[in-house]
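One chain comes next, on its own, written as C-alpha cells: the form predicted alone.
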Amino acid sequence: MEEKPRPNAAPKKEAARPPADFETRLLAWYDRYRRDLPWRGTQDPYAVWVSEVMLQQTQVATVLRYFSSWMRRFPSVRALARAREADVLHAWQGLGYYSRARRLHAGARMVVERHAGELPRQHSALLALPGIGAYSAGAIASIAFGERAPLVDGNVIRVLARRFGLRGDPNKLPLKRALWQLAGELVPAKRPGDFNQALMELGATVCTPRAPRCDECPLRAACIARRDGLVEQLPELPARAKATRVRVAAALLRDGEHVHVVRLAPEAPRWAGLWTFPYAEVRTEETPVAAARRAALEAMGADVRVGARVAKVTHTITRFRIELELYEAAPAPRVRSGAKRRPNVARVRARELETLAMPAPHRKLARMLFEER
C-alpha cells in the first residue's frame, strides 16, 4: 500500500504564507455563520476576560448559563475586586475548576491596585495578572484592544494542524512553538479579534474533532489534511488516559432542621475553600460506612453512628471519576450542642445549602435533600 505523504512537523517557510484569500474567506464565513453569543459584540476588556476564563476547559453551552448572571452580579473589575471570595465561588459553582474563579478574583484586585481598575493594554502587563497566560492575553489584546496578537487553543490547533498538515504532538516542542509562530504570522492587522474568534469558531463548529464538516469549511480548497486524507488523524494528540475511579463517602449529620457542613482548607488538594458534607476517600480494604464514620469523627470531634445510604452521585472531572455516597449519621447528644465541633464546620438549615459554594457532586446531594424536604 502506498504510504501517505508525511509533512514536516513544523510548517515550511512558504507554507506559513496563506493564500491571498485566506483571511478574506475566513472572515466572510465568520460574518455569516458565527454564533450569537452574549460576550460577542463587546470590546469591554473585563467582559472579554471573564468570557475567556469561563470558556477554558468548559463547553460554550455551559458558559451560556453563567456569563450573563455573572456580569449582572459583578458588572465591573471594581465590583469583582470588592466581592468576598465566598460570593465569587458561589457565583462560579457549576463551572468547575474553581482555581479559575480565584485567579480571576485575585486578578481583579491586582488591576484595581496597580492599574486604577482598567485592564492594561500591554501584553506583558496582561501576562503578569493571575491566571492570564499566552492564550488569554492574546484574546484580550486582540478582541478588546484590536492588537495584532495571536492565540492558540484546542480549536485553533485543530484548524492549523489540518490546514497545514502538521504532524506531531501539538502540546510538545517544537510543534507547540511552530503553532504559535504560525498563528502570529496569520493574524492580520485589521480585525485581529474577529480573525482569532473566527479561527476558534471554525474549530468549534465545522473543523470538529470527530465528523468534521469539511464541505462547509471556507479553507477546504487549501487544506492539506483534506487533500491527503489525514483529517481524522490530525492533530496527533496523545490518547486520553482512562478516568481513575475515586470512591468517596460522606456523612449526613442532621440536627432537626439543620445539617452540618465543612469548609475545606484553601490548600486542600480538591475543592479548596468550598463547602461540603463531611467526607473522606474510601481507603483500600475500608468500607464506605467506615469512611463516612471517619469523616464525621474528623469534623465533629466525636464518634457517630452511621446508618443507611441516602444517595449516590457520580462526577467526572479531568482524570477522575468520583463516586460519592452519602450516609445518614447520628451524632451523640453532646455533639449536637457543637461543643467539640471543628472551627471549619457549620450548622445550617437545609434550605440554606443553596447559598453556599459547593462542588458539583455535593451540590447534587444538597439539592436532593432540599427537594425532598
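Counting begins at 1, following the sequence as shown. Keep in mind that what you see is a predicted model, and the values were worked out from it rather than measured.
Although it is not shown, the form predicted in complex with the DNA is what the next lines describe.
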- Of the residues G256, G133, G229, P266, which one places a heavy atom within 4.5 Å of the DNA in the predicted complex? G133
- Message: Quick check on this chain: which one of Y46, Y327, W39, W70 has a heavy atom within 4.5 Å of the DNA in the predicted complex?
- Response: W39
- Query: Counting only heavy atoms and a 4.5 Å cutoff, which of 283-291, 147-155, 74-82, 182-190 contacts the DNA in the predicted complex?
  - Reply: 147-155
- Query: Hey, in the predicted complex, is L95 touching the DNA, heavy atoms inside 4.5 Å?
  - Reply: yes
- Answer with yes or no whether D194 is in contact with the DNA in the predicted complex, where contact means some heavy atom within 4.5 Å. no
- Message: Whether R35 contacts the DNA in the predicted complex should be assessed with a 4.5 Å heavy atom distance threshold; does it?
- Response: yes
- Looking in the predicted complex, any heavy atom of V310 within 4.5 Å of the DNA? no
- Message: Where, within 313-329, is there a heavy atom within 4.5 Å of the DNA in the predicted complex? Residue list please.
- Response: H315, T316, I317, T318, R319, F320, R321, I322
